[in-house]
Each structure stands twice: as structure tokens, then as C-alpha cells.
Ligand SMILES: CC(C)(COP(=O)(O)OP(=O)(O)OC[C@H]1O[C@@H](n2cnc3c(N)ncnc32)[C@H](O)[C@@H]1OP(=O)(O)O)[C@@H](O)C(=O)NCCC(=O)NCCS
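For reference, the chain that follows is the form predicted alone, supplied as C-alpha cells.
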């Protein structure tokens, strides 16, 4: 399930260890006047699924630190079944990035469509709410390696937008645009 590197205190986990699938049925109380799923309800469900995934990786309580841009690609209708697939894409010192894919399925018609994808960031905390170190993540598949590499750039964008990093210090982002 996970391995130890060097001494027994360094735990290395794989993205599959945090894989989480959550299903929800869109009921009338979840919809707007057009019988479409309300965006806020979907964000709530995504936060829960992502938190479960982050907790599986960290073996700790986690708190939401950021939510990346969430674009709604397709309307989700009353009666659809939502499937949210979440897994950790990278672990930093005290935080993890979680990627989610959201699928909407109309069971009677047999149709299934990808509705959303997003990245959430969580910070692991102790019982007093102070950030604590998280296990390392070792990607295994080509897709996991690509998501792992991209996570550093996404993190730098988040930090710049939050005013916690100067754009001149974002080496991974600068490398995309400039040959240095």
C-alpha cells in the first residue's frame, strides 16, 4: 500500500492510496428553477470527496486551503447520478494537491458525460490546528507523473494569486515562457 524510504519515519505513498470515488443522486432540493444541479451543491460535494482523498494520503485531519478555477462544462440535471473521482497529485511539506473529475450519468438513458475537473489544496493539521508534515507522494503511471510535474506550476500560480509569492520567484512558471 505504501513504502518507507530511508528510515522508518519517511513514508512514501502512491496516488492510488488516496483514490476516492463518491456518488450522489441529484434530488429536487439540489437543483435550481431550471432543474439543474446548483453549482454550490456540487462544490460542497467536491470538497468532501477531495478532503477524504487528502485525509487518506495524510492520515490526518485536513483543511481546505484553496480551490482552483472550477468551470462547469455541462449542466447536470435532476435525477442524474454524480460520480466524483479524487486523488492526490502531489504532496508538498504540509499540503497536498487533489485532482477531481466529475461525471454526470443519466442511468435510464445510459449516457455519461464529464462535467467538471478541478484541483483543491489541503493542509494537514494537528489537534491544535497547526500545519504538520505530510507523507511524500511517488507517482507511478505516466498520467500521475505528468500531474505531479504540473502541480508545482499550479502551486506557484496559487501562491502568486494569493500574494504569497512574487512572480519573479516562480521558476517553474518562468521556465515555460523563457529560456534561462
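Residue numbers count along the first chain shown, from 1. In this text, all values refer to a predicted model and were calculated from it rather than measured experimentally.
Only in words, not in the display: the form predicted together with this ligand, which the text now covers.
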query	finding
Which of 111-119, 57-65, 27-35, 144-152 sits within 4.5 Å of this ligand in the predicted bound form, heavy atom basis	57-65
Partner contact for residue 92 in the predicted bound form: this ligand, 4.5 angstroms, heavy atom	yes
4.5 angstroms heavy atom contact with this ligand in the predicted bound form for residue 158	yes
Proximity of residue 39 to this ligand in the predicted bound form, heavy atoms at 4.5 Å	no
Contact label in the predicted bound form: residue 123 to this ligand, heavy atom within 4.5 Å	yes
Contacts with this ligand in the predicted bound form - residues in 20-34 whose heavy atoms fall within 4.5 Å	none
